[in-house]
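First, one chain by itself in structure tokens, the form predicted on its own.
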Amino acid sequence: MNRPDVYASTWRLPVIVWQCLFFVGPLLFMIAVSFFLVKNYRMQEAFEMANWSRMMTRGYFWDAYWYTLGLAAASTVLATCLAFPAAYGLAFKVSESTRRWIIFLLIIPFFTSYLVRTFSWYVLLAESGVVNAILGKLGFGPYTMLNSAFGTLVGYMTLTLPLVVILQTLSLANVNRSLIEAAHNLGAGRMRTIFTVIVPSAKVGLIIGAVFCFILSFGDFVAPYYLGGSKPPTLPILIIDTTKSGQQWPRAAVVAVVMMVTLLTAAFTAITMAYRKRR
């Protein structure tokens, strides 16, 4: 009979406690709140499906859900595609010292509030802003970039692109160089080596970077509100609007639970794909 590893269990305990206190506990409370009722602007304990049936049968909820899902998916694809050439160059084309400094420079934007960085784009993308001024000198525009899906995606890139570049760079830098040399010796060109050797070898890091991008984009409130104009609303904006409408926290909890289920499903599916062994 195997005895439990007390040493390993002791080191796992802080992580388990942290997850229970700050993730499992609040999630269970949010699920419970979704069954409460609001009467006279006060929540009352109950176990009724009224909030769920109301939100699940409303067209505006599903419009917001698919719009949010589409924007998050587009942000993930865009960030992954934009980050890969930069990460490839950092991993294979520069020295290790240069790579460390560039990664440090990519971390610096996180020293500044995301809200401040978003407002800087608000100034740049305005119809009388810097971007339209430059395009005007070239004979183009002016274009409406704010209060649109384009503005929201710009905000998402501000939030996620540096992180995706860092994660991809760390993954690509750990690819076994002997596999690349072997591919070249066998006659594989550069592009074929990238897609048949480098990408499969760095699959875990690439997928994890995409997962982080999707999670951050799906739950972001700032970019769709300030750059996207909140019309049509995304799910985070719908939560705010719902709580302002008669203190309907239980209905907002329904939206939050649906978001959590979607994110957990996407994360577990992606992680399963990342660690699935090739036959």
Partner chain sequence: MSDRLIKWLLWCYLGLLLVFVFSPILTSVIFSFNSDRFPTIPLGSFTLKWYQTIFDDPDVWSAARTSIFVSLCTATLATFIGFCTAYTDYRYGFRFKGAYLALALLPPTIPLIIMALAMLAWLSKLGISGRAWSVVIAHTVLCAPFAMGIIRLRLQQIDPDLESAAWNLGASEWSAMKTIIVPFARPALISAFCLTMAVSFDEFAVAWFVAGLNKTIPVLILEVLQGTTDPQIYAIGTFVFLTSITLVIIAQVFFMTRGRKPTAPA
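Residue numbers count along the first chain shown, from 1. Predicted, not measured: the structure shown is a model, and the values here were computed from it. Between two forms, the rigid core is the largest collection of C-alphas that superpose within 1.5 Å.
Below: the form predicted in complex with the partner chain, not depicted.
In the model of the complex, at least one heavy atom of T10 sits within 4.5 Å of the partner chain. Not displayed here, the partner chain is kept clear of F140 by more than 4.5 Å at the level of heavy atoms in the model of the complex.
Although the partner is absent here, F212 is a contact residue: one of its heavy atoms lies within 4.5 angstroms of the partner chain in the model of the complex. The partner chain in the model of the complex comes within 4.5 Å of a heavy atom belonging to S128. Listed residues K244, R58, K231, R42 were compared with the partner chain in the model of the complex; K244 is the one with a heavy atom within 4.5 Å. Taking L71, I198, L167, L90 one by one, only a single residue has any non-hydrogen atom within 4.5 Å of the partner chain in the model of the complex, and it is L90. In the model of the complex, the partner chain lies within 4.5 angstroms of at least one heavy atom of each of the following residues of 84-108: P85, A86, Y88, G89, L90, K93, V94, T98, R100, I102, F104, L105, L106, I108, in sequence order. After superposing the rigid core, the Cα of L21 is displaced by 2 Å or more between this form and the one not shown.
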